[in-house]
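Quick heads-up: it's one chain on its own, the form predicted on its own, in structure tokens.
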């Protein structure tokens, strides 16, 4: 997906379509980590990976970094992340630039994640930034973890930022700071009670963790497993199907723009078509609908 040449892109879509169709269900857990810069997402991820490796699980990681305005590449690379796992054959790290994707995920992120799902026991996707524009990671993964920094704001600020709407688990990092971390956890818990009235199927837990001291890591992993069990018993297939539709729609919108989509009826019509029947593969939908758009544009 990183190769933009039409013939290479078409071949990649065919391979990815076959891979997506062939993956067993439910496969490995897919976990997204998001949070404001400086919250300690990478350090927390390193602690999670270390604990999982001690348990014997292999781990694949996709980290979406800010893009360099000069080169277009990732500003941060894997050489300064997950340093304790650099020589571990049970860990694979893929860093990529967000590029022009507002939601913080590169177009190739889904492809990279699915490749890792075919090999590893657990897959993480770490994203750029935080906020409502980060909804991409929620549709891409099974469980979304919001990593909060102590003192980052009060309940009203969290609600205004839109950070309470999508995450399935909240992790207040740097709990070694004591009262400040406890206050942030309390603000998040109070905000959840106001922003999700009547929601009874899953209540996002608010956990205090310390990536530096490896405190609360086991509890966080237990929460991730509990949410995965909850989804398997209820709506995992539906969540993944909705995520696939969202990804296909956004990918086609980004690739062809409003003018290209207008050739087959516009964005709303395209969304209706994607929702009308189950997608055997999001990549297949992008390939077939992309071909249809291109043919319509040639005839225009």
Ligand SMILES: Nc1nc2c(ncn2[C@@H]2O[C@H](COP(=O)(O)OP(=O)(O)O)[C@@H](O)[C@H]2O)c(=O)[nH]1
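Keep in mind it's a predicted model, so treat the numbers as computed, not measured. Numbering follows the first chain given and starts at 1.
Omitted here: the form predicted in complex with the ligand. The next part is about that form.
Colleague: Which of these residues, 62, 39, 248, 48, gets a heavy atom within 4.5 Å of the ligand in the predicted complex?
Modeller: Selected option: 39.
Colleague: Name the single residue among 145, 211, 123, 148 that comes within 4.5 Å of the ligand in the predicted complex, judging by heavy atoms.
Modeller: The residue from 145, 211, 123, 148 that makes the contact is 211.
Colleague: For the chain shown here without its partner, which stretch in 113-121, 222-230, 176-184, 88-96 has non-hydrogen atoms within 4.5 angstroms of the ligand in the predicted complex?
Modeller: In the other structure, the partner sits against 176-184.
Colleague: Please determine whether residue 58 contacts the ligand in the predicted complex, using a 4.5 Å cut-off between heavy atoms.
Modeller: Flag for residue 58 set to no.
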